Ligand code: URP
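Shown below, as structure tokens, is a lone chain in the form predicted on its own; questions about how it binds or moves come after it.
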């Protein structure tokens, strides 16, 4: 064995048990007691939980948006991921008119390869079908390991939105090729209507970001996307679900046997739209925005009863001076918040508080993401899987501050958040990359995860 983690409590989606864990050549090689220690590095995890590394299936690293580029590069974003117990990140390259899927992904892969501190995969955002050439490329993209494609029902002016016909074509081709369609669901026409009204009335504070995109704006698009997915019997993954009405439609479709999956994010579980009334409300501007307490309660209920499938972050931070562009005009605020380093600690702290079980956290943040998106070597502590492991101290208290995070941004919406329990070590394929507050990994160590399509 290369590494043995002793005396810890191993947590799976279904059970927790005390055992030793042996790692060989980057893989989980043995789980049991009295493992041979000869030549192995020994880590004593007494009193600790041993968890599979989290998989954040929704990040936007080095993303051009809103007149700037998101603050975290592939290096700083994946470094932060490692320090929060996230061992695989998914990024969203943006396909544009005239460009192919593999061409788009390869360009981002070349940026990521020398910088990635943890393993990584890609969804691909589809913005233009290029007279059908993009649809013809789906099969090759799936073979390349890109098995999910995102469509925006919003950002019309930015040239990112698809119409309903394009969405249906993507749904059908994804179903045919064993891929998944991801959807950002908001109604752009209603947003534009609201924005125009508020600007004419001189209502320009961040509060009106929320009021321009309230619950019904997201819910209508959620229900429309679900309707089309049901109509063509294609799988659909709803990203960053934030509203009760849309969630209820998704849950109803799931119960009727349709292949619908729901993701939410920690910011929607922690904050409500009241943050936009704060003096620093612009820092919380993201799309969709945080919603009211009724929606937040519905999200927590779905987390607890199993009808939400994954928790990811939509990590897309910007610097405070960039957020300040919209201090007096909410339409000029770059949309996005930090989260990749906070995902696992936040959810595990919620488990420590009794809001859900540690097993459920593993299911939401590791097992389900791997299963849904075809990461066959990830997502659980099982013999033969990658040794992506997190040692978690359930008694360690931690207060989040921009000063103890590992990103390149200069502020965080999680400033001052108190967590009970915190990761103390992270291993990626058996290699220690985070150790008690310090990043100890190496840029370029992360590998591209070639995913498999759905059967």
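Residue numbers count along the first chain shown, from 1. All figures in this text were calculated on a predicted structure; none of them were measured in a lab.
Keep in mind that the form predicted in complex with N-(aminocarbonyl)-beta-alanine (URP) is missing from the display, and what follows is about it.
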Query raised in the report: Which of 286, 234, 347, 75 has a heavy atom within 4.5 Å of N-(aminocarbonyl)-beta-alanine (URP) in the predicted bound form?
Result: 286
Query raised in the report: Heavy atom within 4.5 Å of N-(aminocarbonyl)-beta-alanine (URP) in the predicted bound form: which of 212, 296, 95, 335?
Result: 335
Query raised in the report: Hey, in the predicted bound form, is residue 150 touching N-(aminocarbonyl)-beta-alanine (URP), heavy atoms inside 4.5 Å?
Result: yes
Query - Partner proximity in the predicted bound form: residue 60 to N-(aminocarbonyl)-beta-alanine (URP), non-hydrogen atom cutoff 4.5 Å - result: yes
Query raised in the report: Heavy atom to heavy atom, is residue 118 within 4.5 Å of N-(aminocarbonyl)-beta-alanine (URP) in the predicted bound form?
Result: no
Query raised in the report: Do residue 155 and N-(aminocarbonyl)-beta-alanine (URP) share at least one heavy atom pair within 4.5 Å in the predicted bound form?
Result: yes
Report summary line: Note: N-(aminocarbonyl)-beta-alanine (URP) not shown here; in the predicted bound form, the stretch from 286-294, 242-250, 163-171, 215-223 having heavy atoms within 4.5 Å of it is 286-294
Query - Heavy atom within 4.5 Å of N-(aminocarbonyl)-beta-alanine (URP) in the predicted bound form - qualifying residues of 288-316 - result: 314, 316
